[in-house]
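Next up: a single chain in structure tokens, the form predicted alone.
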């Protein structure tokens, strides 16, 4: 989880009053964050992933101000009309398809503001933006830019002067020589042209999502900012833009719209969500009046009236009623809930299946494999298309909020390939496994194993299977089969006591290419639920 460092003096200035250290320590810990330390000059706080709006000093101050009663209730922001325009070239569709903008004026870029702006960019990139793969943010001096702007792509031979460099470099050279290019070159791997921003004079603003140009950089004289957010998920881009612009507005900045292909950004209108009083009371075990619910939500920066909650646009974590209930619980104070012993007598013991599962995981760990832990939620593309399959029965998420998480996984190997893709900058061999839930006609636990190195073969992964089943005193057989995710002739169906329990083989080169993997991989997917019944 990201940890932010807050200038204590700057925080008090934003709060409008001085808060004693003891009160700070108590209230920050109860706000839904993890306080690391408070010193004379700084506060270190670990921010949970569900609250990216608190990754800036301004956002943290805003949340704390409401929570301790300085400025409670919904804070609304005005977006001023403007003539600023930008457009997206159709060439970006298959590279980095989404781009949105905003302008913020009347900014005093003192040291505290600059540090906070740099920190929130960095932390949003790392967490919300998945190391710039999903979302990246650029900030520029507005007065060095001529509108309208164009978001397009250019070949790798195209040149401009990147930030902190005196000479022009080609886009390819930037990825090889610039520190940011080396850090984030994986975001552009496999593309023949790279995304860039150009103004009306063809001046380059940035190579996205790598580095800004030297000509448009922000300095202490800058008073007006142009902000761009690009990525592979539009909703995530909108959330990042809203967080940045509202943070700057809390410093006194005035927000102006930018129309991207005639759609205005940012959209800072609060969203409405129904809240059932009886649902709140049943979930929390409390009796609450409408007035009390209104008071508690106001401490979390949310407006409430007649069963409707108005949620600020920067609160990306509030998706349904239960999220509002959580906010009510935080505002009420977990320390104020009275623990009760249920009138039920039970004797606890560890699940037999979990003992079985842990035994197998321990065996793999002793063999030098590293355990991973990935999400049950994933996307259709990685489960089907990237795995070279034509179709697969999937449990789809109704009203999915983004394309990265729109189905429940039906098998585990794609999740491990994603892990290997994200870690290919580390040395090989890489040997990983995961025991997790899959969702087909019912829920089952499966074990997936992937071995990645230049000389890996079917025999290597079969040896792992031997160890597992021998430890359970089970015999098995492997029959050659067909599976489009594996190399023909190097894939088998494993059966034990007449029950088919696994696929085993070498991953197809097309699948490796789809995941931008260059190293051979052998994999196994074993149904632990069925295996447990056979032992």
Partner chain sequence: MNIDILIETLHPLERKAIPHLKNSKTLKELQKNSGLSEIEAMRALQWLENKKILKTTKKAEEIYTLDKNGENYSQKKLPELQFLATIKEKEYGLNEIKEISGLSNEEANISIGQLKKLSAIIIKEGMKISITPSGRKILSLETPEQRLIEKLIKSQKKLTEEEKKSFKNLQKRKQIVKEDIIIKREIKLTSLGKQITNKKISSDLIDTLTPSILKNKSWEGKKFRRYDIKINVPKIYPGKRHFVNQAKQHAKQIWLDMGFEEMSGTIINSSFWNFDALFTAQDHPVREMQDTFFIKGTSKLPNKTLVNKVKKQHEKSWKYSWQESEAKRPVLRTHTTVLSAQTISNLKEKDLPKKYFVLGRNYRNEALDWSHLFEFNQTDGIVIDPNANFRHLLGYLKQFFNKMGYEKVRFRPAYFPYTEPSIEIDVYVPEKNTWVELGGAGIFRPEMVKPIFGKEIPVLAWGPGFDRILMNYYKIKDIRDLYKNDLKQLKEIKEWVQ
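Positions refer to the first chain, counted from 1. Quick caveat: nothing in here was measured; it's all calculated off a predicted structure.
Quick note: we don't show the form predicted together with the partner chain, though the next part is all about it.
The chain is drawn here without the partner chain; in the model of the complex, the stretch among 480 to 488, 55 to 63, 503 to 511, 27 to 35 whose residues come within 4.5 Å of it by any heavy atom is 27 to 35.
The partner is absent here, but in the model of the complex a heavy atom of 365, alone among 109, 365, 288, 310, sits within 4.5 Å of the partner chain. Of the residues given (187, 372, 303, 113), 372 alone sits with a heavy atom within 4.5 Å of the partner chain in the model of the complex. Not displayed here, the partner chain is approached by residue 338 to within 4.5 Å at the level of heavy atoms in the model of the complex. Heavy atoms of residue 383 never reach within 4.5 Å of the partner chain in the model of the complex, leaving it off the interface.
Looking at residue 235, you'd find a heavy atom of it within 4.5 angstroms of the partner chain in the model of the complex. Although the partner is absent here, residue 430 lies within 4.5 Å of the partner chain in the model of the complex, judged by heavy atoms. For the three marked residues, 342, 350 and 399, a heavy atom of each sits within 4.5 Å of the partner chain in the model of the complex. Although the partner chain is not shown here, in the model of the complex the stretch 429 to 445 places heavy atoms of 430, 432, 433, 434, 437, 439, 443 within 4.5 Å of it, in sequence order.
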